[in-house]
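So this one's two forms of a single chain, laid out as structure tokens and tagged structure 1 and structure 2.
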Structure 1
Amino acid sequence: MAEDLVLDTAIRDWVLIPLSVVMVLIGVLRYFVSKMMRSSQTPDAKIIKEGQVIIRARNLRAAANFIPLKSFRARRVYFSNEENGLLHVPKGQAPNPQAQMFSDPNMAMDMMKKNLSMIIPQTLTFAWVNFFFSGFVAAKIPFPLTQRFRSMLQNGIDLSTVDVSYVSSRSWYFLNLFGLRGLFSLILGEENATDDTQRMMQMSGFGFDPSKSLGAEKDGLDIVQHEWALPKFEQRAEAVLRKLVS
């Protein structure tokens, strides 16, 4: 049944807009709090070195054809040498990052602080929305949806005949949660702690990066076939000069 529900404009005035405003304010508040709470991270020499090694190995792979064969070979040996090559990670060291993550008190505290600053406001706002704004239809989504979204979008509404396009305020909350990221980067500049979604994605790939990417770079480097591009340049130079002189 696709009847058209008429939604009271009071809903718009008293639900949608206040909810958005509150979320923006909470985001700004979190940004300032996180700025104050952030401890200066002393960079770890090993991690920096590994990062730089990766950049250098990547450059080598990308531009290998621009340097003579001997130099390329020398560098490749330097990187992937079995004994003391820069990219060579001995087997025992691989599982370290995770253990390191939990044993290093500083890092653990840091992560906990970041997590807290993300989880608590989210939980509180969600509870507030549920308490005050449940049980009625808040908005209509302009495009049609399938029935499967019903459980997600129509949480407080227990009528199964209402069209799925009519959603509750909980879905408006989720929409704001993910959508205000762009707005925050406009107001607060590039680096803002409200990047929840990004952080959630980052969390999964935290400590594994160094050793895995080193191994990946080493494999990539081993595969590279050196084909010196310079002779081609000579011919191109000839062509260029010919055009210039004629």
Structure 2
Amino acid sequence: MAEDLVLDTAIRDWVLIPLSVVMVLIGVLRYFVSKMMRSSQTPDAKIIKEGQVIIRARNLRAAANFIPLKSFRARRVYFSNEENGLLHVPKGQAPNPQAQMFSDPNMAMDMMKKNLSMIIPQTLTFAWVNFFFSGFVAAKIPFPLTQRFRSMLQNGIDLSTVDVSYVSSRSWYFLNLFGLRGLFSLILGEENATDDTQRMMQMSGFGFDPSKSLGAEKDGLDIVQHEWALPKFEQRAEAVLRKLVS
């Protein structure tokens, strides 16, 4: 049976609050360091052009039923014909994003700087937490939880008799590490460099392949079924105008 613990207020004052404040300060500091290390890059005209083409194709799909069938077919051929359509990418000409990254030293250097700005502060902070705050029961969640949450909330505590709702100091560190995204968005804005979950997802891949987006947009435009949303609009408008004039 799980035991109820009485948490000392000194743990709150010397473990819980300092750990939370340090995590916020490290996140803000890492944002400004990443901003200083970020090199200014001139945008690639080809990538901008491809992005504008995708936006125009999406607008055509969204407003397809508000233009005549002949006009829609002409625009669709302009975007997706197999010879010189804007959305058509020949198989042999599809760029390899990994090859582009390794051929561009600035891109590889920027990626290394971003990864270092994430890995080094996390490693030092985890070592600090593990050395000074290991083994503390720092907080208690005010609602019951199942046993599946024990490994997540009680990392570093090997006591099966402690209720699952108690949180260890090490687990509190991980909760702050992955749960402060909303706070950083309020402090630093939406476009901040402190989203660790997004960083870790980006580390698994080396770039963005625009040919896949062009191909997906081409497939979406090809399957659009045109249904004229304004049948006999000209005749109805003429009739209304004649009534107003007469």
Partner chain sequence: MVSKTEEAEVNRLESQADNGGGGEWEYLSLVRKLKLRRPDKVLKHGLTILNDPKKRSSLGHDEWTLYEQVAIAAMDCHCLDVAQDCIKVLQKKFPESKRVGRLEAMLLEAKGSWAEAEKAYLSLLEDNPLDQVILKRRVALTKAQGDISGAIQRLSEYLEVFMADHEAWRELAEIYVSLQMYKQAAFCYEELILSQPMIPLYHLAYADVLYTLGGLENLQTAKKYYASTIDLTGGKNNRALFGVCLCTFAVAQLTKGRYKEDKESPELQSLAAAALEKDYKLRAPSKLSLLGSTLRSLKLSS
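Start at 1 and count along the sequence of structure 1; that gives the residue numbers used here. Keep in mind the model is a prediction, meaning the values are calculated, not measured. Under this definition, the rigid core comprises the largest set of C-alpha atoms superposing within 1.5 Å between the forms.
By the stated condition, namely the form predicted on its own, the second structure is the one that fits. With the core held fixed, the Cα of Ile17 is displaced between structures 1 and 2 by less than 2 Å. In the rigid-core superposition between structures 1 and 2, residue position Val240 carries a C-alpha shift of 8.4 Å.
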